[in-house]
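Listed next as structure tokens is one chain, alone, in the form predicted on its own.
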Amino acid sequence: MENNVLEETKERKKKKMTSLHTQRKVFYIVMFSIPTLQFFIFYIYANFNSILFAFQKYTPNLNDLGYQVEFAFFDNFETAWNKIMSADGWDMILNSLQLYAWNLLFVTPTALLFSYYISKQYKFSGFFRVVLYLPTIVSSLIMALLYKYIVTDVYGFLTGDKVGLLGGTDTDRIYYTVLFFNIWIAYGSNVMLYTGAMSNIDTSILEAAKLDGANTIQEFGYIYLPLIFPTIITFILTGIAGIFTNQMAMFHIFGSNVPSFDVFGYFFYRQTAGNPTLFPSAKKMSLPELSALGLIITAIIAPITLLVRKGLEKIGPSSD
């Protein structure tokens, strides 16, 4: 009798465990199916469709009803390359490179110093944390509108300049006004991630350095920088990959009113926003031409990013 009861109990436990195991499998499958589906739709399909677009040409019918699809060979790539090599294209490239140079040579070093200062909890570190985190906490659109109000209405009220820093025909003044906003905004994400990486450093390493007589500069240069160098590499590489896609928050600031300078990120947005067309016009490139332009930019940026990554990993400081 007791043996039968024990066997029934074991059988019930076995069925329960099997049921729980099945439920977990179903849960895992459902959870993984959602991001997998998104990956195939918004990455694999979207990129595959872009490649097809780049080799197609759409010609409208004479009665304006429908269109004909033809193989364009490399015509779209020729148009896209001419756009890059044009005067406007070089201006957009130089504007984007200048933004990246400021982020790399100014924002990155100063953000590292601010992050180190905050992680050490020196005087006013809490104040710096709030000021530098603020652009990350508040919506970028709100920050851009607030900044636009300050450099136009507030600046005009204080100086009597009615057009403000974003008005007029002085291209350099407008560009550097927008550039300053992007530099300030960049501090939020930089300091947040650098501070997080520094907080994960083992305190025993820092204590050992103090016992060995390391000063503040030596601690920062020989301990903090090598241990968070992978995070620094990530920021450098994402900056390179985004040179042609960063629109410098120009839509937030200017909307559809194009200023006297341009960047490729903002150019791509304007060309595809509103009513994207399959047919080229005097004002807009066609979607096949834009697809070809995107592929050319990818072919330029991808190997540069990989080479820079390999070089940084080779010559960068070691955590050992």
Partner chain sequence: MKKDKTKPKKHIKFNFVIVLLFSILMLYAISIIVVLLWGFLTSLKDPIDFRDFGNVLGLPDMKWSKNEVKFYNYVDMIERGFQVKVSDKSYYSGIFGTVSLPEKTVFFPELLLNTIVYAVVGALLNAFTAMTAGYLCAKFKYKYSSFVYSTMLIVMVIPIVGSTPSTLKVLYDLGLFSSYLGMLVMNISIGGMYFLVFYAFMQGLSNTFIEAAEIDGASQFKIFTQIIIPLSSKIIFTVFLLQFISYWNDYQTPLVYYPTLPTLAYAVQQNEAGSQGGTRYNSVPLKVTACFIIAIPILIIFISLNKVILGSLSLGGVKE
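Numbering follows the first chain given and starts at 1. Here the rigid core means the biggest group of C-alpha atoms that line up within 1.5 Å when the two forms are laid on top of each other. Everything numeric in this text was worked out from a predicted model, so none of it was measured.
Below: the form predicted together with the partner chain, not depicted.
Only one of 95-103, 165-173, 152-160, 73-81 places residue heavy atoms within 4.5 angstroms of the partner chain in the predicted complex, namely 152-160.
If you check the partner chain in the predicted complex, you find no heavy atom from any of Ser86, Tyr224 and Ile233 within 4.5 Å. Under a 4.5 angstroms non-hydrogen atom cutoff, the partner chain in the predicted complex has His252 among its neighbouring residues. A residue is said to contact a partner when one of its heavy atoms sits within 4.5 Å of a partner heavy atom; Met248 fails this definition for the partner chain in the predicted complex, lying far away.
Shown alone here, Thr203 lies farther than 4.5 Å from the partner chain in the predicted complex, counting heavy atoms only. The shortest heavy atom separation between Phe55 and the partner chain in the predicted complex exceeds 4.5 Å. Of all the residues from 181-201, those having a non-hydrogen atom no more than 4.5 Å from the partner chain in the predicted complex are Trp184, Ile185, Tyr187, Met192, Gly196, Ser199, Asn200. Once the cores line up, the CA of Lys162 ends up less than 2 angstroms apart between this form and the one not shown. If you fit the rigid core between this form and the one not shown, you'll see the Cα of Lys310 move by less than 2 angstroms.
After superposition on the rigid core, the Cα atom of Thr171 is displaced by less than 2 Å between this form and the one not shown.
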